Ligand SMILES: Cc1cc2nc3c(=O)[nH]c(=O)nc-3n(C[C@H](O)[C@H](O)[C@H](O)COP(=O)(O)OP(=O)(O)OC[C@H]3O[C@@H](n4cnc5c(N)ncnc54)[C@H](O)[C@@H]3O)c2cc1C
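This document opens with one chain alone, in structure tokens, the form predicted alone.
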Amino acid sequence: MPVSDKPRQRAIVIGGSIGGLLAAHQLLAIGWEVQVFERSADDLADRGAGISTHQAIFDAASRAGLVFDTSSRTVPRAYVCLAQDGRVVEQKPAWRTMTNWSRLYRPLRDGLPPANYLDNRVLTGVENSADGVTAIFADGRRIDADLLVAADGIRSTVRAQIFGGAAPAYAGYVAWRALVPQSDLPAATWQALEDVYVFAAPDGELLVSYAVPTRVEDQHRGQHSYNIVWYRPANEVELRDLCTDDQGRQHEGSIPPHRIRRTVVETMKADARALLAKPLADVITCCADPFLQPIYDLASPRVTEGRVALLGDAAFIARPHVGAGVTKAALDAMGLADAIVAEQGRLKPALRRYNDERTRFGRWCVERGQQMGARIKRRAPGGAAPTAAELDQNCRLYLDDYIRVALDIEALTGGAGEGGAG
């Protein structure tokens, strides 16, 4: 309900992905007027892949009056380390809850009134003052508000203008992601992987994989899909090559899946067959359109300036090992609304409170992700190849890292054990 009898305050949310939608719903729930502006003209539901969850995501949805049904989740029974020859190196009980990005996005998007969401709106500038904030768009339109929430992701236009030097730093490795519907996989492959959370650790690499609900638009291809995230070292020169398409055009920071050169994809698939257990290699081989995610770190020195608040990946980018990207966006959105309510609608102290609370957790996530990814690197020239026992031990270490980080996040955020990491 509104926090005071004053005229309703107005917020502009830049970015219509999950983080922006979470922010919009939380602000609407406390009585604000909200409009979301998304630069893409396309429906975003087909973006993203499998993700793991924490209770905060469902708490944020519940506060906004939304419900995710149980068919939107999968729960593996065990963590498993799988060696290249198919041996089970380690197995521990699991309590992970997994879902698909689109299964979170769709109810958030559909639950927002059409008038509150405007797509194909490219932000070009922000005017930020003590009295208000103005968003300026490529079509010349100027929109005034009391608050601007920047939820425009890793390459945030708002952060670049308002916060200057805070920019993502490449971590030295990439993630190959594959998401394959159950019907596209051999039956034996699905049976080997469907109910376990699988880890593999070739020399200097890490693979994490699990079953998830199929994307809403692909449900005719099976109720579930299998999701793989394969982290592989790549220096800056190699990254530029990976992000260069068939026309010789280099894509900055990342590359759309359909632009990745087929030779690059085929080399990656051949490596999978050589380095991974057969069921994992089968999934990667069956994936028609794997996509490439360069891994970055970003820790903004602060998340507010005047009447602008950064949220989600626009503020902090933690490596996916932490498994808290969407969770952090949900916590940011609830934290912003809670701060406004706690300060009875007074924006200046509310944003100060939001900044203090969210920077602590954001920095923790970034530092933890760096620690978890420290072993993903190419062996030094001339270094001895690891033995099978050393590879097995490395996989065990990763498995234990993922267990601990999920428990730590639940402890830090007051969750109820719905943990996971990617």
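In this text, all values refer to a predicted model and were calculated from it rather than measured experimentally. All residue numbers refer to positions in the sequence shown, first residue = 1.
Absent from the display: the form predicted in complex with the named molecule. The rest refers to it.
K.L.:
Tell me, please, which stretch of 300-308, 245-253, 179-187, 318-326 lies within 4.5 angstroms of the named molecule in the predicted bound form when heavy atoms are compared?
P.N.:
Stretch 318-326 is the one.
K.L.:
Just one of 79, 163, 173, 210 has a heavy atom within 4.5 angstroms of the named molecule in the predicted bound form, so which one?
P.N.:
Filtering the options by heavy-atom distance leaves 210.
K.L.:
Considering non-hydrogen atoms and a 4.5 Å limit, does the named molecule approach residue 37 in the predicted bound form?
P.N.:
So residue 37 counts as contacting the named molecule.
K.L.:
Is residue 313 close enough to the named molecule in the predicted bound form to count, meaning some heavy atom within 4.5 Å?
P.N.:
Close contact exists here: in the predicted bound form, residue 313 approaches the named molecule to within 4.5 Å, heavy atoms only.
K.L.:
Is residue 123 part of the interface with the named molecule in the predicted bound form - any heavy atom within 4.5 Å?
P.N.:
Yes, residue 123 sits close enough to the named molecule in the predicted bound form that at least one of its heavy atoms falls within 4.5 Å.
K.L.:
Can residue 333 be called a contact residue for the named molecule in the predicted bound form at 4.5 Å between heavy atoms?
P.N.:
Because no heavy atom of residue 333 falls inside 4.5 Å of the named molecule in the predicted bound form, the answer is no.
K.L.:
In sequence order, which positions of 268-288 have a non-hydrogen atom within 4.5 Å of the named molecule in the predicted bound form?
P.N.:
Read in sequence order, no residue approaches the named molecule (within 4.5 Å, in the predicted bound form).
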